[in-house]
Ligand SMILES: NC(=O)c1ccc[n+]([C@@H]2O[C@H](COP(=O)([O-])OP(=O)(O)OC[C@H]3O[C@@H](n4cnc5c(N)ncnc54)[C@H](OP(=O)(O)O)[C@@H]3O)[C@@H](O)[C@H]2O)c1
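Next up is one chain by itself, shown in structure tokens, the form predicted alone.
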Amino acid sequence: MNQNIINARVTFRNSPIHILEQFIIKDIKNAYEQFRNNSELEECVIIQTCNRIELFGRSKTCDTDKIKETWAEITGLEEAAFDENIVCAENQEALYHLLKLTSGLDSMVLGEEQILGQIKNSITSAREAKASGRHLNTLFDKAIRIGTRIRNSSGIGAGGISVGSMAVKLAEENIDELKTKKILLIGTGEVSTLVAKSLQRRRYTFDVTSRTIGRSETFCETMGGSPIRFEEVLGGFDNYDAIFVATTAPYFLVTNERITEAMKNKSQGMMILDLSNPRTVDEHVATIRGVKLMNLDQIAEMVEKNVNARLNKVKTVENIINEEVSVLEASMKRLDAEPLVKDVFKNIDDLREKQLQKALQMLGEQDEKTIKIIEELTKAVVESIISTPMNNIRKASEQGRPDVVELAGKLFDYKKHEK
């Protein structure tokens, strides 16, 4: 490939989170400038999430040492820190990795959708900063489309595979128009965090309660939701249509008596999802008319089935990526020839138009229909002559033969306009 595609990354796969955080790039705009000025990168895109910091670049050379040096300078790290934590890939290997990213195969949670949105945001930011150009814009647009198609055809992202996402999915399936209903989350621990993340991702509004209002307020500052006093909740279960309970209380917080009383004041049903271990919802609640209760064991069983289903699809997704990566690589190589092809077509068409106008003047032709026929004839002649050599140049570029493209540039006296 005449223009090399380079990927340098530090991810959860080879670095624990506390190490990963040291590689975070705080000033992205400045980083783009530094990488382009000091690492011989003509284009670059930075992807940064809680599980990865990645750089994709395009360059005539493949000098990963300069990328490490620049990254170290940006973050204030010693270059030695990169030896143990950074992974570098070039060309086909880099393209393969990008397709694994967009299809959800390289995520901590297999098949999760969030990374696709983060990649879209990354290429948008790079475009706005004018850090990416024709090559990386094309690469990312194609990779996002391919990744979306793989997800849809394989079903790799189907079904929730965390207790939190599965609980929210069950609520959606059992309650009509959940977005218009009142949702309560009891608890502020790890499982509650998973539920809150899933609710936030789906843009649901919800209340959060815990033993102290301070704990609820702190939780809501980072995880979303509206804090509400515990005392208000205990006497106001009738205000809610979906209740997620994830606490460590050694007794029943949601009792049969409280829910029986609450249902007297409700015209619609209620769903309660007990994610606590041990359970903190009285199982007799399930016998109350209009109430649906699901516990952690039931939800965990569904999660396990979904995890196994996704794992079974990994090989299928890998096979699709293997087929797509060669097509993607060919289309990226072809980009090297496009400026030349476009320039040749434009120059020849300008010449055709000039000679056409000269001929029409000599003929003294005024009839618009006749002029149109002659013009179409000149276009067809030019097209038939120039198409074959131009397609051969494109093929040579796809096949990784930059010498042919370079020779064609000399033959057609092509002056490269871009960097």
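Since the structure is predicted, the reported quantities are computational estimates derived from the model, not experimental observations. The term rigid core refers to the maximal set of C-alpha atoms that superpose within 1.5 Å between the two forms. Note that residue numbering follows the sequence shown and begins at 1.
Separately, the form predicted in complex with this ligand exists; it is not shown, and the next lines address it.
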{"item": "Among 260-268, 244-252, 323-331, 124-132, the region lying within 4.5 Å of this ligand in the model of the complex by heavy atom distance", "value": "244-252"}
{"item": "N91 within 4.5 Å of this ligand in the model of the complex, heavy atoms", "value": "no"}
{"item": "is_contact(G104, this ligand) in the model of the complex, heavy atom dist at most 4.5 Å", "value": "no"}
{"item": "4.5 Å heavy atom contact, G187 and this ligand in the model of the complex", "value": "yes"}
{"item": "Any non-hydrogen atom of R211 within 4.5 angstroms of this ligand in the model of the complex", "value": "yes"}
{"item": "Contact assignment for this ligand in the model of the complex, among A337, I272, V191, L136, heavy atom within 4.5 Å", "value": "V191"}
{"item": "Candidate from R201, H97, R215, K313 lying within 4.5 Å of this ligand in the model of the complex - any heavy atom", "value": "R215"}
{"item": "Residues from 221-236 in contact with this ligand (non-hydrogen atom within 4.5 Å) in the model of the complex", "value": "F230"}
{"item": "Displaced residue check between the shown form and the other one: Y96, CA, 2 Å or over, core reference", "value": "no"}
{"item": "Core-superposed comparison between the shown form and the other one, T247 Cα displacement 2 Å or beyond", "value": "yes"}
{"item": "Is_shifted E73 between the shown form and the other one (CA, 2 Å cut-off, rigid core)", "value": "no"}
{"item": "Change in CA distance between V191 and G117 in the model of the complex, which is 3 Å or more, as closer or farther", "value": "closer"}
{"item": "Closer or farther in the model of the complex: C-alpha pair E217, E21 (3 angstroms or more)", "value": "farther"}
